[in-house]
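There is one chain below, alone, in structure tokens, taken in the form predicted alone.
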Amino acid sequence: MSILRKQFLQHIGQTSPAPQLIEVARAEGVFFYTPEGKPYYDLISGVSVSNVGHGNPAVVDAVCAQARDYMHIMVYGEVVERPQVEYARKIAEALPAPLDSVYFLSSGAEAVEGALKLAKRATGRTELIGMRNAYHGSTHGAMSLMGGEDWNYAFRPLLPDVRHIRFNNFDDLQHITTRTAGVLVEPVQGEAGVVVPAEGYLEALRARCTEVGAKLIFDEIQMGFGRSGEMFACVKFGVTPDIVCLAKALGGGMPLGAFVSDHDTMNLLTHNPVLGHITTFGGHPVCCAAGLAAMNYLEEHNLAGQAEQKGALFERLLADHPKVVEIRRCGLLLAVELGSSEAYFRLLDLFIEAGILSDCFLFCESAFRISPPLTISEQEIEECAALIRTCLDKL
């Protein structure tokens, strides 16, 4: 084991007892490379972070230019910084009305925390509703809405007055009442293993929230910025939430989160009390410059428009393999179902040997993830799919 790997285990706080320990030397496009020069197809993209590819020159140039001008000046919301303003305007233009006010933060979990607070502030209510098998982050509020007891039992007590309902279950919508401040939902459940909404479900959820005056909050942290086949999944499904949470690809590879609402609702955080929400590093100018460059690149190269075609190609090349039980897909996010966690963990070792980085889903350990940078070419998809099939042959 290299000295760096040993120091990683000694000095870096660990998230599991068995990290993969692949050492990264550099990354470009859809690949990253070890110090020995071994390439890996990146089928995780930092969990849908690197949508415009690793080392994208447009993003790198924007980061360098902004770092030369200025970095951190003042806590968020007090001084006018061009990267924040220009990026917020562009996001607002891409989202459906009336979502026009962006509150920048540093991460997706923070975005969820801010959205939950805003829903309670806007409604004067306390009950929050999440979905089973949903993941929203590891802070206490976000974890409270996460729909899996295996992940949060060790950290209770969490937020009070939280209820969980079943995604795609129309009968459960009756649990959303005039007590409910907000309903937090992923339009496509990512960590459940890419569960897409049933026909009419999001529309019914929207109608129920409107009926009882609850705020509908979309968590587009994983699906936003082209992954679904549209710039935002709420556009793809034609359902507009009251608040939308963004992160991951939002920063173009830099740490950035945000929640977005209409201006009047967002303005509630400015009084009673003043500083109803505050952040030091949220909306960091270098992160906003990177995100703006990435979003411009997404649009200029129509990467959202290509995501559906590229995802369909992956699906076609893998679906007929005898070890594949089914493929669940939305755009260029796929869950390739193997039927058992044992098969997945055997395959993971074969992937690492072959030069593929993938993982399972938090609530679905029997499927592996395909969510490469949206810049992946059809030739790279064909080559990667061939490698995957070779690994599947060895199961």
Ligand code: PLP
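From 1 onward, residues are counted along the sequence shown. The structure presented is a predicted model; accordingly, all values stated were derived computationally and were not measured.
Below: the form predicted together with this ligand, not depicted.
Practice item. Mark residue 136 yes when one of its heavy atoms lies within 4.5 Å of a heavy atom of this ligand in the predicted bound form, and no otherwise. Key: Residue 136: contacts this ligand in the predicted bound form.
Practice item. Using a 4.5 Å heavy atom cut-off, state whether residue 109 contacts this ligand in the predicted bound form. Key: Judged by the heavy-atom cut-off of 4.5 Å, residue 109 is in contact with this ligand in the predicted bound form.
Check your understanding: Does at least one non-hydrogen atom of residue 206 fall within 4.5 angstroms of this ligand in the predicted bound form?
Key -> Because no heavy atom of residue 206 falls inside 4.5 Å of this ligand in the predicted bound form, the answer is no.
Exercise for review: Answer with yes or no whether residue 125 is in contact with this ligand in the predicted bound form, where contact means some heavy atom within 4.5 Å.
Suggested key: Taking the distances in the predicted bound form, the answer for residue 125 is no, it never comes within 4.5 Å of this ligand.
**Study point:** Contact check for 186, 221 and 248 against this ligand in the predicted bound form, heavy atom at 4.5 Å
**Key:** Every residue of the candidate spot has a heavy atom within 4.5 Å of this ligand in the predicted bound form.
Point to revise | this ligand: the contacting residue among 47, 352, 63, 343 in the predicted bound form [heavy atom, 4.5 Å] | key: Spelling it out, the residue with a heavy atom inside the cut-off is 47.
Review point. Quick one: which of 147-155, 128-136, 286-294, 70-78 gets within 4.5 Å of this ligand in the predicted bound form, going by heavy atoms?
Key: Careful reading of the contacts points to 128-136.
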